[in-house]
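As a starting point, one isolated chain is supplied in structure tokens, in the form predicted alone.
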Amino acid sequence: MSISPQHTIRVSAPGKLMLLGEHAVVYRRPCLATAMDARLHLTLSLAEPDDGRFTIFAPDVGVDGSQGRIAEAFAGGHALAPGTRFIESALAVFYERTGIAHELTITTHSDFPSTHGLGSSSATVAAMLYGLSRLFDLNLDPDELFSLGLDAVRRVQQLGSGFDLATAIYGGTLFYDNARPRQILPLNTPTLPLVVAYSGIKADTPTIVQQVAQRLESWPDTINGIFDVMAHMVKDARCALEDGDWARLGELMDIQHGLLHALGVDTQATARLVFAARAAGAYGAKLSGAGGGDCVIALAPEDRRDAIEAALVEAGGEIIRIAPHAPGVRVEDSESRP
């Protein structure tokens, strides 16, 4: 393959928010998710000599010039540092797929902290694989990017439904069905009137997912029943979402939060925010994501938005100024230097 040295490409991928279907999606049920306009930015630069080294600068996660060889990236499930795991797993998957090991410098920065639970890991994997495919003129389609990305994510986490990766790649608002065959369906929806608040608590998603798995093992009929109800609700919510019926969608969000509480993933911090938003006039409110902390979302009538935001802050939340239905992974700009 002929590659022009000193070539740089800049790409970005969006964060995500789960609208409905948390945890059930891990067990092959559908969910609804939306891409947020807070993005993970990544720069890839080829360099000489061509000895297959990579260097990572990711100041947001404390990585400053970590170096390794592409052929050894994420070897044996180990990375140079915790902050490089998803970068290295994406490099490893890409190398196995293509055999390309040109010297590479990788630089990342994010519009949102990794503590907020907005999908920085999946955005990193999506940006890495898309950037590499464009840098080496491979033009992988979204389905192949998703397949490679899911492999990369699971090398790090073992668990994971892939909805957050799909959201980072495809963007917009998605109906994601984790059954076989998997379905990723971008929806044509009105703009969601979302208010987003961070609870102040960083959730440990793998631990929360494992706790739900233990509850499922203890009470299989009950927990599978909850997952089945969630699946029905996602299908109803899809119709409400496409119709812009915010009152109906809000009611379903309230029910979903109750089911998440039954799964044991609600916390005092998220519950305070949810009830504060409802009391201030939200159509509905719920935690978003695995639970145990992270973010709460509320559907806000326009004339109640300020009051809802004020109530969330008073209840201990931090308002996050992000908008839904953002574009998926994309090139920001690229350059070739002689």
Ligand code: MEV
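From a predicted model like this one, the values you see are computed outputs, not experimental measurements. Sequential numbering from 1, following the sequence displayed.
Keep in mind that the form predicted in complex with (R)-mevalonate (MEV) is missing from the display, and what follows is about it.
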Candidate from 163, 86, 130, 170 lying within 4.5 Å of (R)-mevalonate (MEV) in the predicted bound form - any heavy atom | 163
Counting non-hydrogen atoms within 4.5 angstroms of (R)-mevalonate (MEV) in the predicted bound form, say which of 205, 267, 147, 114 makes the cut.
-> 205
Touches (R)-mevalonate (MEV) in the predicted bound form: residue 209 (any heavy atom, 4.5 Å) = yes
Using heavy atoms and a 4.5 Å limit, would one call residue 290 a contact residue for (R)-mevalonate (MEV) in the predicted bound form?
-> yes
Is there a non-hydrogen atom of residue 18 within 4.5 angstroms of a non-hydrogen atom of (R)-mevalonate (MEV) in the predicted bound form?
-> yes
Does any heavy atom of residue 25 come within 4.5 Å of a heavy atom of (R)-mevalonate (MEV) in the predicted bound form?
-> yes
Which of 92-100, 154-162, 195-203, 71-79 sits within 4.5 Å of (R)-mevalonate (MEV) in the predicted bound form, heavy atom basis | 154-162
Give, in sequence order, every residue of 170-191 that has a heavy atom within 4.5 Å of (R)-mevalonate (MEV) in the predicted bound form, or say none if there are no such residues.
-> none
